[in-house]
Structures are given as C-alpha cells and as structure tokens.
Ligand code: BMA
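In the block that follows, a single chain appears as structure tokens, in the form predicted alone.
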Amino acid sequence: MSRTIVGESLPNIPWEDKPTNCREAVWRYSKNPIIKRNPGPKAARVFNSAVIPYQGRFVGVFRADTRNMRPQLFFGESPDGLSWKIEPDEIQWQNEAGETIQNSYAYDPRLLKVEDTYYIIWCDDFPGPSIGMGKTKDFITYVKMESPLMPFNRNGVLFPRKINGLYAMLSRPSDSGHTPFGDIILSYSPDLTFWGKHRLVMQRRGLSWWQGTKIGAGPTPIETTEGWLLFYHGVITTCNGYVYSMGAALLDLDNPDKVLFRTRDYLATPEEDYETNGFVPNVFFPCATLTDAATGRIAIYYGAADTYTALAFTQVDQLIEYIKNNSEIF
C-alpha cells in the first residue's frame, strides 16, 4: 500500500504489472498502441490527448487530426481506460454568453477537475499558437473561456487546486512556428481570467542533451507528500530532426517554481515502432495520467509519433526514489 499520492483511490485504474526483466522506472503497456489510425469517420490520427475518471468509467478529450489535416478536439469514453469510443464529430463550443463559436484548430489538450468543474486547456489559434481554455460540468455543454495568456504559447497545464489562494498554470512561451526553444513558466490567477506573477520554473539547458532544445509540461501535476510530481517532455535536435522524450520533476508544494528534484536522464524515449515510425517520427509525448492513491499506481497516456495513443505505467514510490537518485537541477 502507498499513501504518497494525495488524492482518491481508483481501483479500476488501467494497469499492467512491471515485467520481471524491466529495469526502468516506467514501462509500456504490452498491447500498445491503444488507439490506432482512423478511429472515426473524421479522425485520421488520435494522439496527445487527455483522460479522466468520470461516474465509474473514463472519459477523455482527444486531439484528432482530421482528414483535412487540421486538428480538433473530440470527446471519447471508455469502460476500462483501454478501449475507447471516439465520437464522430468534434466538440461544439459556446462562449460565456451561450453563443456557438468555432475553433480554427485545437490540439494537445489537458483535462482536469477543480472543485465541481472540469477544465480543458489546449493549444488554440489567437491568431497563432496560444493557450485556449474551456470548461464543462457534464461533457455535454462546453464553454470556452477567455484566453489565459498572450500568444505565442503552448503546453498550458493547470494545477488541480489553488496554491496559496491562487490558481496556478504552467506554460511554454514560444513562437508561431515549430519553436526551436522553450522553458517552463509558472503563472498565477485569482479568478482564471487575469494572470500574472510569472515565474521561471525550469530551463532547457544542461548536460542532459535529450532536453537541450526545449521542454514543456505534460499531464496535470500530481500532488504527493514529496511535492508536485510533474511529467514533462524534453526535445533534442538531431541531424534527423526533433526527438521527444519524457522526464519528471518534483516541485515544492507551496512554491512550485522551486524545483526539488529533476531527472538527469530521460524516463522514456522513442524506441518502439509505433513511437519511432509515424506521421512525425520519434515522439513520446505525455499528456495525461490516472492515479490510484491506495496503491501509488500511475497510468501515463502519451502520444506516439503524432499518430497513436499509447499507455505506460509507473509506481509513485519507485518513481520518486528514481528521480531523487538520478537528479540534476540547473
């Protein structure tokens, strides 16, 4: 038993025990990928998506690159977190006044519950890449909120509770292209509308080349007794293009711009065929986690090669021990 995770039990968390020959802190689901090509009439590829428990089952907001190549957000549901039914049409949004609005494009969502509301954060067009934010209480009506931060920006990740009375969000200010740079920034808000008190959290440089080009926050931070557990992606520029890998850090609970520990080496990097071959090769991009506080189990949903949705697992105490023993802060 483990009580390191501060949260609720999830007895039906998707899970596969660590293989006996695995020496890593994170291991892949043996039946990956869990969502393959063309899962719906409009969706050609589903990846970099977010899931959450809901009324005894699992639901998600999924990035689907449609057949005209523009990404949109689709709703999906699953009885077990493994087999997913993606709705045929994209999510329909309305503004705060109840008027129907359209997204030019939307991708790489994060999804979390804060108090009684589910929030969705994604990469929007403002114009150009920026952070979009919306909310729902029932996954039927979706309300688009004011854009939280100025463009250009990506990887908006909201914390699951207020910190010192304020909402907190991580982001990665960028440019309008594919962004050959990027660090993780923290911003605060009293009301989810006005944002300030910006703080630098983590930078991309250091001896760890796998995260030398840019970094970005991944799933919603997980509250633990040791600090906020943050999975993030790091990118290296090779002679054959970008390679996206996954690392993790522990942030101070009261001041999350303070990094307590940070992985020197990657936790996972593209190795399997579904990660190294696809629409964009060599991508392991974490976007969501499920957690079971009773056992410390963590299921990590990640996008593979901008083509597939895949799943990996870890156990919180084993992972935190690994992070502490293999940390480099710079």
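When you see a residue number, it is the position in the sequence shown, counting from 1. If you're wondering where the values come from, they're calculated on a predicted model, not measured in any experiment.
Below, we turn to the form predicted in complex with this ligand, even though it does not appear here.
This chain is displayed without this ligand, yet in the predicted bound form the stretch 104-112 from 81-89, 104-112, 142-150, 254-262 comes within 4.5 Å of it by heavy atoms. If you check this ligand in the predicted bound form, you find a heavy atom from every one of 48, 280 and 283 within 4.5 Å. Checked against this ligand in the predicted bound form, the residues 228, 74, 232, 244 give one hit for a heavy atom within 4.5 Å, which is 244. With a 4.5 Å cutoff on heavy atoms, residue 63 counts as touching this ligand in the predicted bound form.
Although this ligand is not shown here, in the predicted bound form the stretch 291-330 places heavy atoms of just one residue, 306, within 4.5 Å of it.
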